[in-house]
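Just the one chain here, laid out as structure tokens, in the form predicted on its own.
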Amino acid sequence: MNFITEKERNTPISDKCDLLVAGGGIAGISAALAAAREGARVTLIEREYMLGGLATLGLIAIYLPLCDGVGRQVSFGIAEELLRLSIHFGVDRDEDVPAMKAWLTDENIDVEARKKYRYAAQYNPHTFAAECEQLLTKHGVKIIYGTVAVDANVEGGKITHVMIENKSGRSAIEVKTVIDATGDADICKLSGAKTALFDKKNMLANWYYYFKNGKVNLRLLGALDDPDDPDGSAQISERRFTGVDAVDTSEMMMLARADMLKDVTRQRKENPECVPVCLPTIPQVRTTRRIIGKHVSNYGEEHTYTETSIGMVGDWRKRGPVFELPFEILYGEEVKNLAVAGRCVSTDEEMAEVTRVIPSCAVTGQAAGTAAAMCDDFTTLDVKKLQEKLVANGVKLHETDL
């Protein structure tokens, strides 16, 4: 590889905050909201011009279960708040109506209905994104769209500034704490925290909305989050993508759109009214890069009491498992004021299938944001005090609490 030497630059400081959240997906939304509610001055930067990440821009518009599949809700707090927000204008599938009737009630609870239906729903991604934006701004979160973190200044084991680039040019944000909710552990990589790539890589996915027979539908093609097809045998390409290479990911997007055209052409032979109405504007990747944290969670930890739990999640693929997520999966020991949330938390590859989805992103985001409002060194945080705040805000930490 050839190199060019750039001229020395003086970077202006454009912002100063208690917490910088990088990434406006579900994890970033949850982290920013939790920290702002604790009184922190929060800035959230997002590469795109809409919140929600894969859950909105990626059109992966299924809020996967908050329950264990046998009638018990396991994810609470902001995870439940955002589910309720996502269906503020109603569910997108008629079959989700019975599930919501079973779960969205505090009186006359139908235990058998809750065992039958999982606490999950398909929602409209566009209204959900707008609702999330209003929620954050209501709580004083400063959102800067079209912005990418390009470097981090680390002194004494802490990030002091994050360099960003956007329409205004290059500048720096002075920070006390940082939460990496990029989904790709970008801040971790920039700041020198230990990271790893997932070996499995990503299958080609092509979810899009189309109009047919007087109705707008969500078409799920490739890389299906399907409990009956967890390995994605309904794949549309043999090729795999890391999600962290620019050329590779660009080709992924183009292949997905080419497949969409094929699919629409096929459907139009049967019904000429079929037309695509909304395509994903970000790559539909599931697992890319993650932090190597103080603890690495694995799937064998189901139904295990975890002293430092920051919340629970179930397994969207099957009924029964419950996981208590330890605080130590949110940070490493190289950069003390950096935490992660969402799909780049510290897990092995099998456990990542559980932690990468919306409920877990909300659970880890709430914990990371709450912790960031409490301290600027996650390695020395009093976890008991963090747990007290989480519980006060509606989170249940242990399976024994259910």
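This is a predicted model, so every value here is computed, not measured. Residue positions are given as counts along the sequence shown, with the first one as 1.
The protein also exists as the form predicted in complex with a small molecule; that form is not presented, and the subsequent description refers to it.
With the partner omitted here, the residue from 34, 371, 338, 358 that has a non-hydrogen atom within 4.5 angstroms of the small molecule in the predicted complex is 358. Listed residues 175, 285, 329, 152 were compared with the small molecule in the predicted complex; 285 is the one with a heavy atom within 4.5 Å. If you check the small molecule in the predicted complex, you find a heavy atom from every one of 55, 186 and 205 within 4.5 Å. Proximity to the small molecule in the predicted complex, taken as heavy atoms within 4.5 Å, picks out 43 to 51 from the listed stretches 330 to 338, 66 to 74, 43 to 51, 373 to 381. Using a 4.5 Å cutoff between non-hydrogen atoms, residue 62 counts as a contact of the small molecule in the predicted complex. Residue contact check for residue 181: one or more of its heavy atoms lie within 4.5 Å of the small molecule in the predicted complex. Although the partner is absent here, residue 264 lies well away from the small molecule in the predicted complex, with no heavy atom inside 4.5 Å. Using a 4.5 angstroms threshold between heavy atoms, residue 222 counts as touching the small molecule in the predicted complex.
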